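Just the one chain here, the form predicted on its own, laid out as structure tokens.
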């Protein structure tokens, strides 16, 4: 007769085999996570061709909705005090630090870096976010001026946000390059629409999840995933977009940044041309180089005020 034994607390428990939960990421528009109106998605793989996730494939209509959301949010964000914007942006850096391990894993998978290289890239991205956050209440002192005039007047110039800025995120640097393009326009009070890297969009999607739970108002940052050649042209020609950062046009399939610049000229947009690397037009710049405030000033307008002096 067979004897049965009862399991005891010391008996090792083996985890049952299970299927992984395959993710389907959505867009981030107006502080919400909608699906693309087209219903389309595409697969994102790692550098070895292994499946990572399904990502929403944004459309022209999604791009227009992002512009509407950005325009609605921009005035309030610009109206906040510079000190408050700095606090809000610094809080995002704290949340990025809390998700460090997740970002490291995503950079390893997307860019093919070693764990050590990815840790360094994530650290640089967080540090860069902090660096730009510190400029919110300093940029007016650096870029503003009191101008000498021939008359009994004070003449003061100060930088102001240009409005809605479209940023084409770098195709290769999925986090450090992404941060380097998103944060500078936010410093002075612009609202941003980001077209994420086509093949490496997951850090951008994770960043949108961070922003959704931060103090950044909905609509101030909008993240679109999909194909740059489909999303960039309607955004470049949109009449309610004020500026365009073409960093991600380098290396994007089917995209000629000069054509986007020409489309932007029809509505007199500010355009920041891509700073290509030393190897030529198909190479991104070295995003590890020290940041400069010029990237902030590229998305500002100068307001000059005249005020009579007292007797």
Partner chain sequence: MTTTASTAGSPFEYAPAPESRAVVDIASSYGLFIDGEFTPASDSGSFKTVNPATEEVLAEVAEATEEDVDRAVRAARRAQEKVWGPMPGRERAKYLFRIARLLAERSREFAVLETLDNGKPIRESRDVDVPTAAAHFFYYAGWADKLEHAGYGPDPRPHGVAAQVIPWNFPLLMLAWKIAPALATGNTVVLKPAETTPLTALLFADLLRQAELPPGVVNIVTGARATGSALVNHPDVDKIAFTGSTPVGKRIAQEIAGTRKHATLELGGKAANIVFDDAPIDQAIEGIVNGIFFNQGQVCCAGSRLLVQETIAEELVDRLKARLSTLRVGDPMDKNTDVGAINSPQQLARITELTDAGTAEGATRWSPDCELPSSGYWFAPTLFTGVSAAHRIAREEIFGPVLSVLTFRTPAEAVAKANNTPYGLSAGIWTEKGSRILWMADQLRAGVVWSNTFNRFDPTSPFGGYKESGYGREGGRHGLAPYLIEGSTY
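Numbering follows the first chain given and starts at 1. Bear in mind that the values here come from a model prediction, so they are computed numbers and not experimental data.
We do not show the form predicted together with its partner chain, though everything after this point is about it.
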- Can residue 294 be called a contact residue for its partner chain in the predicted bound form at 4.5 Å between heavy atoms? yes
- Query: Heavy atoms within 4.5 Å of its partner chain in the predicted bound form: does residue 303 have any?
  - Reply: yes
- Message: Under a 4.5 Å heavy atom criterion, is residue 242 part of the interface with its partner chain in the predicted bound form?
- Response: yes
- Task: Check whether residue 68 has any heavy atom within 4.5 Å of a heavy atom of its partner chain in the predicted bound form, and answer yes or no.
- Result: no
- Query: Which one of 284, 46, 261, 37 is close to its partner chain in the predicted bound form, taking close to mean a heavy atom within 4.5 Å?
  - Reply: 261
- Exactly one of 81, 213, 114, 157 comes within 4.5 Å of its partner chain in the predicted bound form through a heavy atom, and that residue is 157
- Query: its partner chain isn't shown here, but in the predicted bound form, which of 158-166, 200-208, 172-180, 125-133 has heavy atoms within 4.5 Å of it?
  - Reply: 158-166
- Query: Mind checking whether each of 148, 267 and 307 has a heavy atom within 4.5 Å of its partner chain in the predicted bound form?
  - Reply: yes
